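Single chain ahead, by itself, as structure tokens, in the form predicted on its own.
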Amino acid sequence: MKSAVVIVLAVVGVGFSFSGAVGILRMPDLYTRIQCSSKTITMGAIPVLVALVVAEGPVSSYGSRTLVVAVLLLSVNPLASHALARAAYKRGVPMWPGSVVDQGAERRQQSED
């Protein structure tokens, strides 16, 4: 039973990672690629890490380190993707022409008026 749970969690993690890799290749601009990669890291790595905890046990050296890595991923990944997107926007990296809303530009126009 334990090995079945480990296999299912690993397959879910690999599936998310694969779908995120396809999304990174298919997305039209940097901002949507950042979104794909951040979701992939979170939803692809966390199930694999949980599979390792289930397989080795949470009290083992692998399990405790895995839990620390999972917590760090959950806290650092959103911050890093936000910082990357913000730096790209401030640098002037263009959005995809089909983008519906540019809230940053709207706020800038409102503050200038």
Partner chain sequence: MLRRWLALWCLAFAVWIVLSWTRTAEQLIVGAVAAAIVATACAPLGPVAAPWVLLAPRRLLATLRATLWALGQIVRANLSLSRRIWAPSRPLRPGMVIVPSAMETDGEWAAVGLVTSLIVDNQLVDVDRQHHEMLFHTVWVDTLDPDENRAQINGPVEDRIAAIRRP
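Computed from a prediction, not measured in an experiment: that's the story for all the values here. Positions refer to the first chain, counted from 1.
Below, we refer to the form predicted in complex with its partner chain, which is not included among the displayed structures.
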Partner contact for A45 in the predicted bound form: its partner chain, 4.5 angstroms, heavy atom: no
Distance check, V11 to its partner chain in the predicted bound form, heavy atom within 4.5 Å: no
4.5 Å heavy atom contact, R107 to its partner chain in the predicted bound form: yes
Non-hydrogen atom contact K90 with its partner chain in the predicted bound form at 4.5 angstroms: yes
Interface residues of 33-65 toward its partner chain, as seen in the predicted bound form [heavy atoms, 4.5 Å]: I34, Q35, C36, S38, K39, T42, M43, V59, S60, S61, S64, R65
